[in-house]
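Take a look at this single chain, the form predicted alone, given in C-alpha cells.
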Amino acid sequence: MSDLTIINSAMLGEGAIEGIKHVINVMCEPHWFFIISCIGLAVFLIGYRRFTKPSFAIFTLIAFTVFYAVSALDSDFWSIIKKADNVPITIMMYTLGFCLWLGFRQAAINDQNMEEGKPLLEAGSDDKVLVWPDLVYAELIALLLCTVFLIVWAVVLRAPLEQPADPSVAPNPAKAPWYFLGLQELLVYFDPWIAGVLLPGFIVLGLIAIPYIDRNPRGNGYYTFKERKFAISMFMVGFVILWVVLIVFGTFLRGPNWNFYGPYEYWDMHRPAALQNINFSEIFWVRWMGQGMPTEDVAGLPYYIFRELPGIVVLAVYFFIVPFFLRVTVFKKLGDQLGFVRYQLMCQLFLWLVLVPIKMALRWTINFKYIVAITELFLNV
C-alpha cells in the first residue's frame, strides 16, 4: 500500500469520526436531546420487562461505558468531564441508572408473578432485624467504606477552589453547584419567583400530597409498575426528564454566555448570545393584530393589564378550562376515582408539570419568553 493510500484512508477515517461527532452534537441540541429523552423513557416504560433483563442491562452498561470512554478521547469532551464539579454527574448517571433498573426489575418480576399466580418477591419475607448487632454492623461497614472513598477522592481529585470572590470579575459560565443546576436551567424559561420558589414548592407539595391524592392500596409494600402506570410514569417524567436531564444540560451542554454547546464542541467565549426574546403580547398585538403595543389605559384597565390581557386569557383557559376538558376525556376514569377536590389538585400539579416542557420548547424554537409579562408589577409568567 502506497503512502498516498494510507494518507487518504486516514483522512477518510478522520472525516467519518468527525461526521459522527457532528451528528451527536446535533442530537444534543436542546430540542432534539429533550425529544430523544422523552421517546427513550416512553419506550423503556412500555417495554420495561424486556429492558430490565440482566443480559440487556449488562449490554447497555458496557455500551455506555465504551461510548463514554471513547468520547473522552476528544479534547473538548474530556475538558468538560474532567472538571472536579462535573465528576459527581458521571457517578450520578451510573448510580441512578442502577437504582432505576433495580426498582423496575423487581417490578417486572412481581408483575409477571401476579399474572402467573405466583407469590411476590416480598411475600413471606421477614424484614425484621435487630438493631444490634445486625443494623449497626451494616451501618458501620457502610460508614467506613464511604469514608475511605471520600478520602481517596479528596486526595486524587483536588477541590476546585478559586480566587476570592470579586464582584467585578464573574466566571463565564457562572454555574451553581450540580444539585442546583436544574433550578438554574429553569431560570432560563421562567421568572425567578417561579423557577426558584413556586416550582420547587410544587415539587414538595406534590410529594406530600401523593398519599392523599393516590389512595390506591395496590402496590403498597411491593414493587409494581402494571398497577401504578400513571403515577409512576408521571414521577419518572418529573424526575428523569425535568430534573436529571436539566442537570445534564447545565453540566455538559451549557457553556459561555449560557449558550448550548455539543459535547464535542469547543466552548467559544466569543460566540454570540441568543437572539432577542419575544413575549406573547408582542406576538398577539404586533404580528397577529398588525398594530403597536398598547400604551394607554382602556376601559379603566391600566395599559399594562390590557397589553397582557391575551396572555392572561391563555393562562386562564389553560388552568381553569383544560382541567374540565381532561375530566371528560383522557382523565374520565381517573376523575371518577379521585373525586372533585383530589382531581383538581392532581390536575393543577399535572398542568404545571406540562407547562415546563411547553415553555422550554417555545424558547428553543421561537425564542419565546413570557406568556404574561407585567414588568410594571414584577409579574412575569
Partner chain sequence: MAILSNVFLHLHPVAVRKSGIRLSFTWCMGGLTFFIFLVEVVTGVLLMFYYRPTVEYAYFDIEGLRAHVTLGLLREMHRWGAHAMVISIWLHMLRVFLTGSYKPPREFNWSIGVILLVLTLLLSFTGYLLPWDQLAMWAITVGSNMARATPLIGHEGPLASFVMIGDVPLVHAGDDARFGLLAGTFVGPNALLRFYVLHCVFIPVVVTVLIAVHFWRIRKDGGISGPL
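Positions refer to the first chain, counted from 1. In this text, all values refer to a predicted model and were calculated from it rather than measured experimentally. In this text, rigid core is short for the largest set of C-alphas that superpose within 1.5 Å between two forms.
Below, we refer to the form predicted together with the partner chain, which is not included among the displayed structures.
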query	finding
Non-hydrogen atom within 4.5 Å of the partner chain in the model of the complex for each of Ala159, Gly219 and Trp243	yes
Interface stretch in the model of the complex with the partner chain - options 249-257, 73-81, 282-290, 102-110, non-hydrogen atom within 4.5 Å	102-110
Val298: touches the partner chain in the model of the complex, heavy atom cutoff 4.5 angstroms	no
The partner chain contact at Lys128 in the model of the complex, heavy atom, 4.5 Å	yes
In the model of the complex, Gly196 touching the partner chain (heavy atom, 4.5 Å)	yes
Exercise: Glu122 in contact with the partner chain in the model of the complex, heavy atom 4.5 Å	yes
Interface residue in the model of the complex among Leu309, Leu187, Met114, Ile278, criterion: non-hydrogen atom within 4.5 angstroms of the partner chain	Leu187
Within 213-244, the residues that have a heavy atom no more than 4.5 Å from the partner chain in the model of the complex	Asp214, Arg215, Asn216, Arg218, Gly219, Asn220, Gly221, Tyr222, Tyr223, Thr224, Arg228, Ala231, Ile232, Phe235, Met236, Phe239, Trp243
Exceeds or equals 2 Å, Cα of Glu115 between the shown form and the other one, core fit	no
Rigid core superposed: Pro171 CA moves 2 Å or more between the shown form and the other one	no
Residue shift check between the shown form and the other one, rigid core fit, Gly221 Cα at least 2 Å	no
